[in-house]
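Take a look at this single chain, the form predicted on its own, given in C-alpha cells.
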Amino acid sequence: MSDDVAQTLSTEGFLLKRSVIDRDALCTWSEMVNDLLHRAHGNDEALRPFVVYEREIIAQQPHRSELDPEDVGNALYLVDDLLATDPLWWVLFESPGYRDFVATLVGHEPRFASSQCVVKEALVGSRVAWHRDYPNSVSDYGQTPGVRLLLSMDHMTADNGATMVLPGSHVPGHPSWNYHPSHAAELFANEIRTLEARPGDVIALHPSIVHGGGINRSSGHRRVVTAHWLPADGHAIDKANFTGFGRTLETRHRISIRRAHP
C-alpha cells in the first residue's frame, strides 16, 4: 500500500479515488448493472432471493423515506451477492484498473468477501441509515477487516443521496463508539463529509467507519457496485454463504471484459 493511501485510510477511514475504471471498461460494467436491474424489475425468479425492493425497506423502516410502500412500485433497493447472480462479475472485478486498486489497498492477491449493487432510483431511493459495515451479523473479519469499495456507476451528488461519512469514526476509542451510529452522526454533524463521485470513481471505506446516505431527490438513478476485500492472509468467517467468499483475486493476468455483440 502506498504511503499516502495508507495514511489516508488509517487516519480518515475513507478514500476517494478518481477514474479507477476507464470509459471502455465502465461501459461493460454499466451493461452488467443494467442487465441485472432489468432482470430484477422483471421479477426474474432466479434473481428473487437476492433482490430487496424499496417497498420492503420502507415497510420495515418508514423513517428512511418520505413515501409510503405503495408509492414506490417495483423500485429496487439492492441486489445482493452479485457472483451468485452471474459469474461474469468475477471477470469485471479482475479488470486491470479495479484489480490494481484493490491490490494497492490490501496487498497482493486479495481475497473476496461479498458484493452488492445498491440502487437509489430516481425520486424514490430512500436514505441509507447511519451504520458501520463491521461488526455485523453475517461476516467475521477478525483483526483484519479489509476494505469495502463503492464503484460509482453514475454521478453521485448530495441531491441523489451521495455517501456521507464521519471521518475517524473507524478508530477504536473514537467518541462515536459510545453511541448508536445514527446518534453519533447527529452529535458530530459538523464533521460529516459528503463524498461526491463521478462514474468510474471508487470510494474506499474502512468497514468500521460510520456512514450513510440521503434520499434520491433527483430525476436520475444512482447506482453503486460494492465489494468487500480482505488481505490474502486475512482470517474471516462467512455466515451468509456468499458465493466466491475467500476466493483470491488474481493480479498476474490481464483479462478482457469486452462482451461480444451480434
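Counting begins at 1, following the sequence as shown. Bear in mind the structure is a predicted one, so any value in this text is a computation, not a measurement.
One more form of this protein should be noted, the form predicted together with a small molecule, which is absent from this view; the next part is about it.
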query: Distance check, Leu150 to the small molecule in the predicted bound form, heavy atom within 4.5 Å; finding: yes
query: 4.5 Å heavy atom contact, Thr163 to the small molecule in the predicted bound form; finding: yes
query: Interface membership of His108, the small molecule in the predicted bound form, 4.5 Å heavy atom rule; finding: no
query: Contact test in the predicted bound form: His183 vs the small molecule, heavy atoms, 4.5 Å; finding: no
query: In the predicted bound form, the residue from Asp81, Asp154, Asp159, Asp133 that sits within 4.5 Å of the small molecule by heavy atoms; finding: Asp133
query: In the predicted bound form, the residue from Ser65, Thr226, Ser218, Thr28 that sits within 4.5 Å of the small molecule by heavy atoms; finding: Thr226
query: The small molecule in the predicted bound form: contacting segment from 84 to 92, 168 to 176, 185 to 193, 125 to 133, heavy atom within 4.5 Å; finding: 125 to 133
